[in-house]
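Just the one chain here, the form predicted on its own, laid out as structure tokens.
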Amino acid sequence: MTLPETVRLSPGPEDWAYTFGGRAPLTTVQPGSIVELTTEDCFGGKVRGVDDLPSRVCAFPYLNPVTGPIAVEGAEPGDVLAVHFVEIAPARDRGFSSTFPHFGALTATHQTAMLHPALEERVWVYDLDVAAGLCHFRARNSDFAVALPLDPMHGTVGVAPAAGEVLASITPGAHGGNLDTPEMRAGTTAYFGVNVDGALLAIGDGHARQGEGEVCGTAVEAAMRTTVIVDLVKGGGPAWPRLESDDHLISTGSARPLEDAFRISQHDLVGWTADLLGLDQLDAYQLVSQAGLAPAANVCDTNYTMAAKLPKSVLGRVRAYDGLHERLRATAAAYLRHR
């Protein structure tokens, strides 16, 4: 197999983006290109120990930097941008997590006002052992420790929004953005509806691992070295970001309240299933109701995000996007063999 062009992108702080939309591209690539890129963690690399409280070392709104935007030649509104994650690897041997006084699922926030005191701000340091595939949790107030499996993923992936809108990188929505779903790991293909010429892809917010829901508001935040293959399907852009793994089709929805995020993701999955299998809406609704899964992605961001998953085993020989995921997987395997 002849490998496509490889583009390398390693921006410094002066080139980091903190929004989707509103920025010129850092580079332009051809559909099918392999892109090797680096990303900084959500703290911009400023949290380096337990005494580096984010409120002291980070300045709002300069949180959650993303690498990009990357323009894709020929991408037009209404197209599908496919982003296949070939490899995601921590760039350093430490990751960091934290609690915040007014951010997270189990504390008062500006939208959930309470009279009781807010949570303490606290930082946890995780040692990352890439060779062993482990992420080491150590309690702050006891001797408890446990090794967790390393499961690198990107919390923030998306394209420029429609209609000239500019959204902060911490906001998930129909453009993607800060979806914070653990499904966005190596081996997964993400599909985004293109809203502007070039699509303007950006990627950031690496997590060494994250539980479903990202309950405290942060994962094990880590800088990453990431390789993706970026491809384009003309027409047929989905209304909401979709993902495909080897085993599942996954729709996402982002909104508040959480029930509406759930409804959006399920609605998209029902429609996707109906289109693929030629079913009427209620037959697809019934199939998804009995075979589907509904993991929470995040329950703490400016919008909440839910995922809706359908096992690909129920599809038989039918393949989404004419088997694009499988073709990108083959290219990824060839790249990893020959790099």
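If you're wondering where the values come from, they're calculated on a predicted model, not measured in any experiment. For every residue, the number given is its place in the sequence shown, counted from 1.
Just so you know, the form predicted together with another copy of the chain exists too; it's not on screen, but the next bit is about it.
Name the single residue among Val86, Val80, Val196, Ala255 that comes within 4.5 Å of another copy of the chain in the predicted bound form, judging by heavy atoms. When another copy of the chain is considered in the predicted bound form, the option within 4.5 Å is Ala255.
Quick one: does Pro61 come within 4.5 Å of another copy of the chain in the predicted bound form, counting heavy atoms only? Yes - in the predicted bound form, heavy atoms of Pro61 and another copy of the chain come within 4.5 Å of each other.
Report whether the minimum heavy atom distance between Leu26 and another copy of the chain in the predicted bound form is within 4.5 Å. Residue-level check for Leu26: no, no contact with another copy of the chain.
Does Ser55 reach another copy of the chain in the predicted bound form, with heavy atoms at most 4.5 Å apart? Contact with another copy of the chain, no.
Report whether the minimum heavy atom distance between Thr19 and another copy of the chain in the predicted bound form is within 4.5 Å. Thr19: yes, in contact with another copy of the chain in the predicted bound form.
Looking at 69 to 77, 212 to 220, 225 to 233, 244 to 252, which one sits within 4.5 Å of another copy of the chain in the predicted bound form if you count heavy atoms only? Going through the listed ranges, the match is 212 to 220.
Is it true that Leu106, His110 and Gly292, all three, sit within 4.5 Å of another copy of the chain in the predicted bound form, judged by heavy atoms? The answer is yes: all three residues contact the partner (heavy atom, 4.5 Å cut-off).
Within 4.5 Å of another copy of the chain in the predicted bound form, which residues of 272 to 299 have a heavy atom? Give them in sequence order, or say none. Counting only heavy atoms within 4.5 Å of another copy of the chain in the predicted bound form, the contacting residues of 272 to 299 are Leu277, Gly278, Leu279, Asp280, Gln281, Leu282, Asp283, Tyr285, Gln286, Leu287, Ser289, Gln290, Ala291, Gly292, Leu293, Ala294, Pro295, Ala296, Val299.
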